[in-house]
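This document opens with one chain alone, in structure tokens, the form predicted alone.
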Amino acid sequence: MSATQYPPVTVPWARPPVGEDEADAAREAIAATRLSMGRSVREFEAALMDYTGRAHAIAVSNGTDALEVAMRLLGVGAGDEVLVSALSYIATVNCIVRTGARPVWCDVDPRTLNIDPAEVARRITPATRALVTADYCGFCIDYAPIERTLAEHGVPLLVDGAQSLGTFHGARSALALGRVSTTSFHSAKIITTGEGGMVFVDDDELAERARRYRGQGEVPARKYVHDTLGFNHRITDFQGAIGVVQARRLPDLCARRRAAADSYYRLLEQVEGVTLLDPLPGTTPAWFSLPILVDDRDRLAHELRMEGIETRSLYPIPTYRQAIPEYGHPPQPLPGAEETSARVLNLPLFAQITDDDIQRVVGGVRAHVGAGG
């Protein structure tokens, strides 16, 4: 069997936690005939407001749209600089570049894979319009020094919480941080509506603007009258109905992920050649994924895939090395991002994962890590 002829996947990297309850909710929403922006969307927004402690939640069509709305709320535009982690998903940077602003990459702490607070202090300038953070795989960033730096310079924080739903700093949701925060309901996320996203704010005026941006800039209660340049970022009502069911299950889904992560850590902490990330003290990760750091990462991923075990690398190169001309590049490589992007491997983790699945994955890691080619 050649390297490209893999066997069927028996332990997927992710599996959406959906079933008959979600299917029933979607059917009921479809039967109600209000297929876009109906009651279910409002109920979904209310459920996430309650969970995050935010005053407003605005549901949109996907997580990238949520970031684009957030950028507009912060007034980011051409000529601005926006600080961002060098190790993040592409959407986190795309939302900056699409405004005409310039991303300024900050290195990561190799122990956490999160943005290094010292880098934020080092790279902030009078041209900095915002900082966009993303809690890597749901591991909470050390926000205290970052918030002090931003307050000194009058720069707002945008939390890209695509992987942070279920992340807590003490008793406070990570999505309660920042002038604006967002999340995603992509099929691999903690809860899912297939696609979908949400914008969170506490300011009434920002919430009103977000709703107008979402709905083509239409004036509330005045159909086809517009006073703001907006776009169609709306979400369907059957997605909202699925989201209501998923939100109800959110605490249980997070607890299952935590239990699986605990099992992984117990089994992996004694495996030579594997480095585990440590959550920041006083925080609770969402465990969007189970990251490990290993040498010869790609070979290990190949060997696991040959055993039917699917993995990912979040992320295999620093964002600034993507072949996108509009990005520009930092004057020199950032060592933390370069080192960790070459070594990070994300193991299967989802709410339905079994003890047998975890044993298989860890057994494969133990058999192949450091074994050589």
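Throughout, we count residues from 1 along the sequence that is shown. All values derive from a computational prediction rather than experimental measurement.
Form predicted together with a small molecule: not shown, discussed below.
In the model of the complex, the small molecule stays beyond 4.5 Å of every heavy atom belonging to V180. Put simply, G196 is close to the small molecule in the model of the complex: some heavy atom of it is within 4.5 Å. Mapping the unseen interface onto this chain, H186 counts among the residues with a heavy atom inside 4.5 Å of the small molecule in the model of the complex. Although the partner is absent here, Y315 is a contact residue: one of its heavy atoms lies within 4.5 angstroms of the small molecule in the model of the complex. This chain is drawn without the small molecule; in the model of the complex, the residue among Q246, N114, T92, S289 with a heavy atom within 4.5 Å of it is T92.
Put simply, of T340, T64, T319, S40 only one has a heavy atom within 4.5 Å of the small molecule in the model of the complex, and it is T64.
Comment: 186-194 is the region of 202-210, 291-299, 75-83, 186-194 lying near the small molecule in the model of the complex, near meaning a non-hydrogen atom within 4.5 Å.
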